[in-house]
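One chain comes next, on its own, written as structure tokens: the form predicted on its own.
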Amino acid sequence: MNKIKVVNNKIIPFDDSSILINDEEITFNSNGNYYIEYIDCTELNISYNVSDDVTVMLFELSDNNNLISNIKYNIGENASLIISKFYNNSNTEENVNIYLCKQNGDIKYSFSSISNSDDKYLFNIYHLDRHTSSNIFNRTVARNDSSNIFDINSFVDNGIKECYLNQQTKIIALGASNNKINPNMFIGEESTTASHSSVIGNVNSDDLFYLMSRGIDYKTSINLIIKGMILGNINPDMEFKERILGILEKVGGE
């Protein structure tokens, strides 16, 4: 199991010939699954590089941090990065910059979070060569009195042909939370295929009715729906899944 820890904003040295760590930069040179946990981090700056012809599945977890972060993902030719990511922080302010640098680069970014206070996310996705693809899936449960802002910007310039862009963001509000989604696509090339959806709302009443009609109480029904939304969007290993389930047990019914 390839597990990397980032402690106090520093990457802990990791003995694996398939990756190269240089200060605040991690380069993946071979196909593989990697798990990264951010521990006691406050100001985080990391670049993840995926080399040409490499496919990487990356899971990221941050729990109980007060986090300001700048994260870059650089994706090479015929390279693919599949990200699953879960945050349960006291506060988060994160800038994510994705660079699809060469032909046939691909990213699937699946992010789930529990929002406890004030969270802000800025995404910039740059399609810099033809036949590149980006799928951005955000799923957030906003607890009472929390605030969430998602700014998502995808860019394709004229002449960058046959690109695919997809943004999907969904926020479920529990109680009185303040939420905003700003999906933007700046497209100068007519051969681009693009789609987006943004949803802010409460727990689906039909799902809630169905569960309660089977004898499940209100709080447990809410919790089951939240678990399905959060875990259905990401792919943790068994150890991280148990930790996330422990966090989700405390959410719901507010």
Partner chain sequence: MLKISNLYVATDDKEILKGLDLIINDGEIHAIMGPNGVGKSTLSRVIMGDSNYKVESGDIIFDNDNLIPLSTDERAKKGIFLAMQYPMEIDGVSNQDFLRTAMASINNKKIGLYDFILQCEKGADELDMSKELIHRSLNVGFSGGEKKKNEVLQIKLLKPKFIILDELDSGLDVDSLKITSENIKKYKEDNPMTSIMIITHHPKILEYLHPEFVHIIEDGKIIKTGDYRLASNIEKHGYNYYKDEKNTIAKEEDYE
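Heads up, when I say rigid core I mean the largest set of C-alphas that superpose within 1.5 Å between the two forms. What you see is a predicted model; the values in this text were computed from it and never measured. Numbering follows the first chain given and starts at 1.
Beyond the structure shown, there is the form predicted together with the partner chain, which is absent from this document and is the topic of what follows.
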(request) Choose one stretch from 33-41, 204-212, 62-70, 46-54: the one whose residues place a heavy atom within 4.5 angstroms of the partner chain in the predicted complex. (result) 204-212
(request) Answer yes if any heavy atom of residue 58 is within 4.5 Å of a heavy atom of the partner chain in the predicted complex; otherwise answer no. (result) no
(message) How about residue 29 - does it come within 4.5 Å of the partner chain in the predicted complex, if we only consider non-hydrogen atoms?
(response) no
(request) Flag residue 190 as yes or no: does it have a non-hydrogen atom within 4.5 angstroms of any non-hydrogen atom of the partner chain in the predicted complex? (result) no
(message) With the partner left out here, check for me: in the predicted complex, does some heavy atom of residue 227 sit within 4.5 Å of the partner chain?
(response) yes
(request) May I ask whether 217, 220 and 232 each come within 4.5 Å of the partner chain in the predicted complex, counting any non-hydrogen atom? (result) yes
(request) Using a rigid core alignment, state whether the CA of residue 235 is displaced by 2 Å or more between this form and the one not shown. (result) yes
